[in-house]
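Okay, so here's just one chain, in structure tokens, the form predicted alone.
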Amino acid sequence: MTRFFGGKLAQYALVLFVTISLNFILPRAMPGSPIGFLVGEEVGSLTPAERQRVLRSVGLDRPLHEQYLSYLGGLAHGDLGYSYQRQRPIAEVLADRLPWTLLLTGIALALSTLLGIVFGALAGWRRGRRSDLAALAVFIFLESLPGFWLAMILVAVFAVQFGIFPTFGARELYSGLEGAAYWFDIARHLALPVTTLTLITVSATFLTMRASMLSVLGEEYVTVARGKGLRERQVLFGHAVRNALLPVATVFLLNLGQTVAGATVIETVFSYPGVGRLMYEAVLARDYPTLQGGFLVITLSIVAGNLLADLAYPLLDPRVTRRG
């Protein structure tokens, strides 16, 4: 068991190092330069010496390998850098944006997991019937939908056409709302982003739960439970669903990280002030440190989710360790 956990930790340490290196390289591989944002409209009139002075002020005049080593050294000391665009430490910027992303992704992940389990269990229980085939068609259709397209459709219908929900943001600015009215306003702004993110992530849980149900329905304990004369509901929830949840637990842990990454497009469409929207703004401004910080958050969330899944699965199913 110790060797198993140690091997997994070593693998993910290597993955984390590689992805951190890519996080440094990718922003600098984009066309363009942050100097236009740093200087403004006067960038065209700068002399070579003035351009060099501007680049030196943000550390971009040094060779790439020196910038890379400086970046790794900063990470080792918990320093994520300084935002060109906002003139603030990246850690402070992320501290402002991350709670909004966690609120959005947490609610969406909880809803998608619950809906996927319920509908997947019912579809597997009624395999081959019209309700099963209809549910399968609906969730496969949802799986194929582009997130940005679904988000724009929801905005056009429920925000523009009917005016039920706000079109952007996380709350009404300068409204002075307090207490229950404040949280109701946040809930109204969350409704469309949460709906979008839930719909585009629910299919994985549904398909996993349905397949898992199909595999356990032929097991002896289900046959014995039916032979004892238990009601179908008792067999379904007391025996089949409980044993079919193991693969779904793995999917849930994997989705912990992937949902944060998937929220980037949704936050951009709805102008939701999370990490995804922050990265979109940083791309426009060529704000390398902010992009590195945003990529780091997504990297850590995905690596942590996969690591938790790898470490938790042997605890949930000891047969994995025995087979290893």
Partner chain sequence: MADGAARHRAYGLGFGAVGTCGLLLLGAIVVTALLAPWVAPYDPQLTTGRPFSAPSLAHWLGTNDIGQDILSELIWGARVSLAIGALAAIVGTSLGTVIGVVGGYFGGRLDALLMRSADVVLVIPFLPLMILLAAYVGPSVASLAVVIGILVWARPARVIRSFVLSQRSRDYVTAARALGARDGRILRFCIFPSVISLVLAEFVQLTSRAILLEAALAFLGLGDPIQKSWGSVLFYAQSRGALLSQAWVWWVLPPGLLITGTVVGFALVGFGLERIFTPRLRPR
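Note that the structure is a prediction, hence the values are computed from the model and not measured. Between two forms, the rigid core is defined as the largest C-alpha subset superposing within 1.5 Å. Residue numbers count along the first chain shown, from 1.
Below, we refer to the form predicted in complex with its partner chain, which is not included among the displayed structures.
Asker: I need to confirm a contact call. Of 285, 265, 55, 256, which residue comes within 4.5 Å of its partner chain in the model of the complex, counting heavy atoms only?
Answerer: So the residue touching its partner chain in the model of the complex, by this definition, is 265.
Asker: Could you tell me which one of 78, 176, 128, 179 places a heavy atom within 4.5 Å of its partner chain in the model of the complex?
Answerer: The residue in contact is 128.
Asker: So, residue 312 and its partner chain: in the model of the complex, are they within 4.5 Å at any heavy atom pair?
Answerer: Although its partner chain is absent here, residue 312 would stay clear of it in the model of the complex, with no heavy atoms inside 4.5 Å.
Asker: I'd like to know whether residue 21 contacts its partner chain in the model of the complex, with contact meaning heavy atoms within 4.5 angstroms.
Answerer: Although its partner chain is absent here, residue 21 would stay clear of it in the model of the complex, with no heavy atoms inside 4.5 Å.
Asker: Closest heavy atom of residue 67 to its partner chain in the model of the complex, within 4.5 Å or not?
Answerer: Answer no; every heavy atom of residue 67 is more than 4.5 Å from its partner chain in the model of the complex.
Asker: Classify residue 161 as contacting or not contacting its partner chain in the model of the complex by the rule of any non-hydrogen atom within 4.5 angstroms, answering yes or no.
Answerer: Residue 161 belongs to the contact set for its partner chain.
Asker: Along 291 to 306, which positions have a non-hydrogen atom within 4.5 Å of its partner chain in the model of the complex?
Answerer: Sequence-ordered list: 291, 292, 295, 298, 299, 302, 303, 306.
Asker: Relative to the superposed rigid core, does residue 158 relocate between the shown form and the other one - that is, does its Cα move 2 Å or more?
Answerer: No.
Asker: Rigid core superposed, CA of residue 13 - does it shift 2 Å or more between the shown form and the other one?
Answerer: After core superposition, the C-alpha of residue 13 moves less than 2 Å between the shown form and the other one.
Asker: Would residue 71 count as moving between the shown form and the other one, using a Cα shift of 2 angstroms or more after superposing the core as the test?
Answerer: Comparing forms between the shown form and the other one, the residue 71 CA shifts at least 2 Å.
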